[in-house]
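What follows is a single chain, given as structure tokens, in the form predicted alone.
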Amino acid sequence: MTILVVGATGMTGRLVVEQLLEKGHEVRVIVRSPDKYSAEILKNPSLAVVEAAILDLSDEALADLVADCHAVVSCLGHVMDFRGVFGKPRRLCTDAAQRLCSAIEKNNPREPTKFILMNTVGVKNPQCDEPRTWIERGLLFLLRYTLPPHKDNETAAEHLHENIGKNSHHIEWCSVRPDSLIDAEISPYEIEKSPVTGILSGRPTSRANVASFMVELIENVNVWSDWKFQMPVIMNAEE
């Protein structure tokens, strides 16, 4: 399969790329700094690197990059420093998702392209009744109006749910919502429709497990059938 990965030099995106290459897929990446990859990965003949900021690419260039792709994976996120949180682009995840989806539709693929968005458990799933405590509601309200990255995550997921929906002939999507991300090896993990505990007391999720689940969504027809058009929560299994 051919897969485009954006946000591919981030801590989770790099793992997605590595796992896809290990499984023999053709991987395209859009990155600003290819030197974040090891020399070994850059020499991999199955990796095609486009050195650019994704929002600087033209619509035609994006359409060329998603052409013939079986899946597009977005692991984009904001750098968590002052400039990354409050500087531009404030709608990185949303604008990238919108433009990539438009690029897919422009190519009019014969079979639907899978669009997988890495999001966050802090974004509520509108398809489920996800009760939040008053403390959680207050915190999320504060984040929504004071920290642009949280709003960006919300509107990116909203675009898939409301604008793409379930009736597109060209795109099927899944928005993966990890809980607290940690660095750890692949281990048993659980997938749920909604958080099993409050968002302030959830279980940690290894980035390797998030990458593994995304690869499963791409490769495994049954897993994709279970979770397409949904916003699953991923968390490490209880020991």
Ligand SMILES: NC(=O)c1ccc[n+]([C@@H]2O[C@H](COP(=O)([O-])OP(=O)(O)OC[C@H]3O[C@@H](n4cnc5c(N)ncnc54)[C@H](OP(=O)(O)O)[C@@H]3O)[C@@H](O)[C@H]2O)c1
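Quick caveat, the model's predicted, so the values are computed rather than measured. Numbers for residues come from their place in the sequence shown, where the first is 1.
Keep in mind that the form predicted together with this ligand is not shown, yet the notes after this line are about it.
The three marked residues, Ile3, His70 and Ile104, fail to reach this ligand in the model of the complex, with no heavy atom of any inside 4.5 Å. The closest non-hydrogen atom of Thr94 lies beyond 4.5 Å of this ligand in the model of the complex. In the model of the complex, this ligand stays beyond 4.5 Å of every heavy atom belonging to Lys43. Contact check for Ile191: every heavy atom lies farther than 4.5 Å from this ligand in the model of the complex.
Although the partner is absent from this view, Ser212 stays clear of this ligand in the model of the complex, with no non-hydrogen atom inside 4.5 angstroms.
With the partner left out here, this ligand still marks one of 57-65, 167-175, 43-51, 28-36 in the model of the complex; by a 4.5 Å heavy atom cut-off that stretch is 28-36.
If you take 98-115 and check each residue for a heavy atom within 4.5 Å of this ligand in the model of the complex, you get nothing at all.
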